[in-house]
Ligand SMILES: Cc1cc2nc3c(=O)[nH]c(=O)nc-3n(C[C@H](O)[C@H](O)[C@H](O)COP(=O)(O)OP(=O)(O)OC[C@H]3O[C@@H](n4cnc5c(N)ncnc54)[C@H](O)[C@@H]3O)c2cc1C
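One chain comes next, on its own, written as structure tokens: the form predicted alone.
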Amino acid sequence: MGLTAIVVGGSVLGLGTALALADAGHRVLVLERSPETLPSDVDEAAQWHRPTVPQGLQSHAFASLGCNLLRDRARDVYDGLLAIGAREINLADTPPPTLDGFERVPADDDLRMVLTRRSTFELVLRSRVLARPGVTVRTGATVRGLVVDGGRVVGVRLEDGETVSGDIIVDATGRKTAADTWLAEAGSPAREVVSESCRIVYYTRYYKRLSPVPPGPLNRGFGAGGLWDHYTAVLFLGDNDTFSISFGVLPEDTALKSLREEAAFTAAVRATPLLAGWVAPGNSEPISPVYSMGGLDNSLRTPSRVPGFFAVGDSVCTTNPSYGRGVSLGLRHAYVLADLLASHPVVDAAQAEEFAARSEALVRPWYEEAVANDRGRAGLWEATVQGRAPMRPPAGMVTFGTAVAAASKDAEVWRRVANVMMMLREPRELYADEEIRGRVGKALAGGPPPQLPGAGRETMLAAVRGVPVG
């Protein structure tokens, strides 16, 4: 007989936790505060906008870690995505064309991704989770506190005063979690929180492809794009011939705030040579307005050590969404919890300590890498906007930028970059590996490779101000 688990939050993270726990034999009640009717098909899902889930409107790339977890441990979800219009790809099928003589190795088989919109992913995940006999979802249920008995969390208190009891409580409410308040009110020690701004604002729009073949180059397995000296623009292939384009700029770059306007957004895409063909007349049509998202932080909370209470995914660690790691990290965290309950089913202090240790080992490397990468990228953009030369990293230091540049010349560097980006290997295996450091240095000894075509600062400013781009 399994435990009774109350999962607070019914978005992707809560559903993924319910999936992992239900398949491990536990009974799960998901409490979702939104009272809205759930979408029933991909079109309804794409139009379902929840203020509490702003990232649901943004582009998503699903890293191999999460895709492999679903393929290996919840195959019905994986197959359901493919059946509804998503598509599986493998990054090793499209290595950089500059890697002469590239040959696949067996480990490359794990570099799979599923191309789909976040809305479609959540739709399929929810339908498959609700099909499991041990799962119940209750909507319109807002949690306002925890019920503690004898130093152990044994339930939650809802907004109307009702209490709901369970053997364990899982916080899956995401980056805006109120769990710190709940724990403090219950007399538990405050969790330490470290946070640093990602220093980026995103603007995203969705499109339906009309051309029978991709109308532009695809330099990434999941789409196309690049990071230039003052902005990033990436195209993400989705399900059912859809795609999205996302721009990222500094929050203080007021000259590009007009990207929130549809005309300026389109002009910016057309000014970016790598992506311009995708929005040329007859190649696609927009199917959404421009969605913006800012106020993003890389944050890390010390895991709770209160027996019976478990926080997972974004409720513990958030990273810049551009790295595409939130869903995979959340799914992996959910399975960490399910596996812990299998090996240590007694809800006690030892169980809480072990989960805290496993959580820390899982999330901290990705938090630290995100902070380091965002500092470097924001520094480059800030220098460009201010018209000064950017600082260069110390000689011999491997950064994300130098590793990506070297990956176009060295297959082993490409493979390591791909595995870290897809969360199949930890960041230290890229940045602190002596062999990789040597390979990066050798690959870049003759200077960096040519950059993919973006838009220079003046060209971009002219485009968004309505000046024709020649």
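All residue numbers refer to positions in the sequence shown, first residue = 1. All values reported here derive from a predicted model rather than from experimental measurement.
The same protein has a further form, the form predicted together with the named molecule, not shown here; the description that follows concerns it.
K.L.:
Counting only non-hydrogen atoms, which stretch in 260-268, 314-322, 381-389, 282-290 is within 4.5 Å of the named molecule in the predicted complex?
P.N.:
One stretch meets the cut-off, namely 314-322.
K.L.:
Could you confirm whether Ser211 comes within 4.5 Å of the named molecule in the predicted complex, counting heavy atoms only?
P.N.:
Close contact is absent here: in the predicted complex, Ser211 is far from the named molecule, nothing within 4.5 Å, heavy atoms only.
K.L.:
Is Arg118 near the named molecule? Define near as a heavy atom within 4.5 Å, in the predicted complex.
P.N.:
It does: once the named molecule is placed as it appears in the predicted complex, Arg118 has a heavy atom within 4.5 Å of it.
K.L.:
Ala411 near the named molecule in the predicted complex, any heavy atom under 4.5 Å?
P.N.:
Contact check for Ala411: no, nothing within 4.5 Å of the named molecule in the predicted complex.
K.L.:
Is there a heavy atom of Ser188 no more than 4.5 Å from a heavy atom of the named molecule in the predicted complex?
P.N.:
No - in the predicted complex, heavy atoms of Ser188 and the named molecule never come within 4.5 Å of each other.
K.L.:
Scan Ile436, Leu31, Ala407, Val420 and let me know which has any heavy atom within 4.5 Å of the named molecule in the predicted complex.
P.N.:
Checked against the cut-off, the match is Leu31.
K.L.:
Select from the listed residues Val135, Ala92, Leu81, Val143 the one whose heavy atoms reach within 4.5 Å of the named molecule in the predicted complex.
P.N.:
Exactly one residue meets the criterion: Val143.
K.L.:
Enumerate the residues of 153-174 that have a non-hydrogen atom within 4.5 Å of the named molecule in the predicted complex, in sequence order, or give none.
P.N.:
If the 4.5 Å heavy-atom criterion is applied to the named molecule in the predicted complex, 153-174 yields Ala172, Thr173, Gly174.
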